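The form predicted on its own is given below as one chain in structure tokens.
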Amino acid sequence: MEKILTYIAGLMFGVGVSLGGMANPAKVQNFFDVFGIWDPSLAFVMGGAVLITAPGYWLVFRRGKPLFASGFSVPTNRTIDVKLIGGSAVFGIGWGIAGFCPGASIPVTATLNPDVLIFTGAMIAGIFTAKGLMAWSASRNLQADQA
């Protein structure tokens, strides 16, 4: 049942991304072009998502625990550091240049559009590169601490 619900949630996300215009890079880029051909419609998509999601979170957290786990996995780190700011900047710059939000690019790969495939492939390569660099950095720091 868990896998079926996961599939349904992913399908709903993909349909919502497509219907909301988030799969259209020109629409996304026009949203960021506030001094040119500005298209504010994505603000309504995002606002609508927040209006639906906020009560959903409220209802789910009132349950005390998820349906398929012993507890909620909620991030506890509230530190604003270079890693957070740098990652946010890279996310925003990539979204503005390519016109694809990383999450939205995943369902759009089904179109086999070369631009989407290149973006998503580069994004996945970047994720693995960042993880590798963080592991390498952590091992260097550990070695330095032991010396």
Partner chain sequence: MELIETAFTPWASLVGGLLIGLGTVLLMVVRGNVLGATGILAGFMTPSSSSDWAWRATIIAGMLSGPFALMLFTGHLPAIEVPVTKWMMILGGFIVGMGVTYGSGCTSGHGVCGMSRLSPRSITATLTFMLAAGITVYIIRHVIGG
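Numbering follows the first chain given and starts at 1. Everything numeric in this text was worked out from a predicted model, so none of it was measured.
Note that the form predicted together with its partner chain isn't included here; everything after this is about it.
Next on the checklist: Although the partner isn't part of this model, could you tell me whether residue 145 comes within 4.5 Å of its partner chain in the predicted bound form, counting any heavy atom of the residue?
Outcome noted: Residue 145: no, not in contact with its partner chain in the predicted bound form.
Checklist entry - Quick one: is residue 6 in contact with its partner chain in the predicted bound form, heavy atoms, 4.5 Å cut-off? => result So residue 6 counts as contacting its partner chain.
Next on the checklist: Would you classify residue 139 as touching its partner chain in the predicted bound form, given a 4.5 Å non-hydrogen atom cut-off?
Outcome noted: Outside the cut-off, so no.
Checklist entry - Even though its partner chain is not shown here, does residue 92 get within 4.5 Å of it in the predicted bound form, heavy atoms only? => result Looking in the predicted bound form, residue contacts with its partner chain include residue 92, since a heavy atom lies within 4.5 Å.
Checklist entry - From first to last in sequence, which residues of 100-125 have any non-hydrogen atom within 4.5 angstroms of its partner chain in the predicted bound form? => result Those in contact are 100, 101, 102, 103, 106, 107, 108, 109, 110, 111, 113, 115, 116, 118, 119, 122, 123, 124, 125.
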